[in-house]
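What follows is a single chain, given as structure tokens, in the form predicted on its own.
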């Protein structure tokens, strides 16, 4: 789940919505709705893959998808913009080394929740955790954000599986808590096309994706006020781990993520909750 901006306009360029099957995740979403961090979203005219409408309730963060996790970050010290390069264990304590050669620590335990290929690199010295990650297969996904000063899309707010290039199109500002002027559009490319184009420049990808959307929706030739493409290099999970999480108690390090069970935000929640519980139990 992510929220990016073109100028001052926010776009949900990652997960478009979340739904709940698990009672704990449903309770969490109910709490975020009650505290105005999330709302239900009922896009106009969307028939779904089965053609029978939404099967489950869709929830979106307000004013952006990233708002859903904000209650979880309260009273937690967080550091951004520093990439962890190495995990080092000495005297039963962990030190985190960053790309800029600085470090933080010591820590009694570490939870690694980055995408599986990156987790495998960090945990390479611990085969008990690194080797099972070899079976996880993840796919990239291009996301396109487009700002139009006028309404251009047809009345329908969401389109899926439009072509071999375009997997998803939505009117982002049809979601609760967003600006209503013009059209703010999010496009997700199909995985196969993304794999074929992931080394292209984002500007060229943006042009191609917008041209394809304009074609399949028969839009008039309007130049967007702004548009930008973002590559989620590990955006989708094709082959999950098959376990909710892994935790090596003797080393006090664990690994988790949506890719442990699938590709949904709910899978990430289940994995994180279970991994966190295992770490707490190890200290008791």
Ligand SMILES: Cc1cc2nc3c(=O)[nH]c(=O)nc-3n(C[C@H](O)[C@H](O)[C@H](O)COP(=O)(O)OP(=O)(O)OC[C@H]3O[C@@H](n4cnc5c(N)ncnc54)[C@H](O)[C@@H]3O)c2cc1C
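Numbering follows the first chain given and starts at 1. Remember, predicted model here, so these are calculated numbers, not experimental data.
Same protein, other form: the form predicted together with the named molecule, not shown, and the subject of what follows.
Student: Would residue 274 sit within 4.5 Å of the named molecule in the predicted bound form, counting heavy atoms only?
Tutor: Heavy-atom contact with the named molecule at 4.5 Å: absent for residue 274.
Student: Can you tell me if residue 219 lies within 4.5 angstroms of the named molecule in the predicted bound form, counting non-hydrogen atoms only?
Tutor: Answer no; every heavy atom of residue 219 is more than 4.5 Å from the named molecule in the predicted bound form.
Student: Check residue 232 for me: does it contact the named molecule in the predicted bound form (non-hydrogen atoms, 4.5 angstroms)?
Tutor: Residue 232: yes, in contact with the named molecule in the predicted bound form.
Student: Answer for residue 264 alone: is it within 4.5 Å of the named molecule in the predicted bound form, judged on heavy atom distances?
Tutor: Yes, contact at 4.5 Å.
Student: Ok, 84, 152, 130, 93: which has a heavy atom sitting within 4.5 Å of the named molecule in the predicted bound form?
Tutor: In short, 84.
Student: So the named molecule isn't shown here. In the predicted bound form, which residue out of 147, 178, 171, 188 has a non-hydrogen atom within 4.5 Å of it?
Tutor: Comparing distances to the named molecule in the predicted bound form, the residue within 4.5 Å is 188.
Student: I need the one stretch from 158-166, 75-83, 210-218, 196-204 whose residues put non-hydrogen atoms within 4.5 angstroms of the named molecule in the predicted bound form.
Tutor: Flagged stretch: 75-83.
Student: Within 92-123, which residues come within 4.5 Å of the named molecule in the predicted bound form, counting heavy atoms only?
Tutor: Stretch hits, in order: 113, 114, 115, 118, 122.
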